[in-house]
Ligand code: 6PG
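A lone chain, given as structure tokens: the form predicted alone.
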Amino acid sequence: MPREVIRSKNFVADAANFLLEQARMALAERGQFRIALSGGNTPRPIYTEFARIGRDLPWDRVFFTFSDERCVPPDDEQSNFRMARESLFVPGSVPEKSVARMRGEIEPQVAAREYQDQLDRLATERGETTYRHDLILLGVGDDGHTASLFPGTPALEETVRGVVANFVPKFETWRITFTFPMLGRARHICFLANANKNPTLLEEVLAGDRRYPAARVQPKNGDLTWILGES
């Protein structure tokens, strides 16, 4: 499993160009680009720049999923979908059929099962046994969580399902999240961390400290890239 660490002083531009490169590669090789988006504040300007430089992409052959979602309606300020819609889908004129939204407004277990079923159907339609992303984008929280895989939560132990509802005690709320099995199937995973991220935490994660869920992300037959912003 090759791992590359890119330290960038032009974080937004370099990350957006990386997305565009991955998109063009997947489209050339397989005729489709499957990308899972991450939430939070870090990727917002990257998505905006990706929409700008990727305006000529065939968006009808790009399929967007989400690595996790908060259990809120799609128009809520905390919604990962809303952030992606405002920064990427609307500016890039991405068709609705190219986006699979996690339904954070319904019962979490139902939403997780529904999302898993949707990805399973898409895989079956293309003669695949499981859905495999070309690229999954992830961030890393101050506690080392990634997606909504928080330290000490049940989803960390999931070995079969790709999407689960995960209760996060520190926020006293449910989240919908990809699991390690889903992440492990990706052709490529890219962590995005800007210059504001705790450098000590990042070094511990990169060193493989398994206290941190982000350190446990290991594509089985894919690549792993970290793009780290530097001031």
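For clarity, every value in this text was computed on a predicted model and none was experimentally measured. Residue positions are given as counts along the sequence shown, with the first one as 1.
Below, we turn to the form predicted together with 6-phosphogluconic acid, even though it does not appear here.
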Which single stretch, out of 68 to 76, 154 to 162, 102 to 110, 123 to 131, brings residue heavy atoms within 4.5 Å of 6-phosphogluconic acid in the predicted bound form? 68 to 76
Looking in the predicted bound form, is 6-phosphogluconic acid within 4.5 angstroms of a heavy atom from every one of P43, N80 and K197? yes
Is the gap between G141 and 6-phosphogluconic acid in the predicted bound form 4.5 Å or less for some heavy atom pair? yes
Would I136 count as touching 6-phosphogluconic acid in the predicted bound form under a 4.5 Å heavy atom rule? no
Would you check, heavy atoms only and a 4.5 Å threshold, whether G54 touches 6-phosphogluconic acid in the predicted bound form? no
Within 154 to 177, which residues have a heavy atom closer than or equal to 4.5 Å from 6-phosphogluconic acid in the predicted bound form? R175
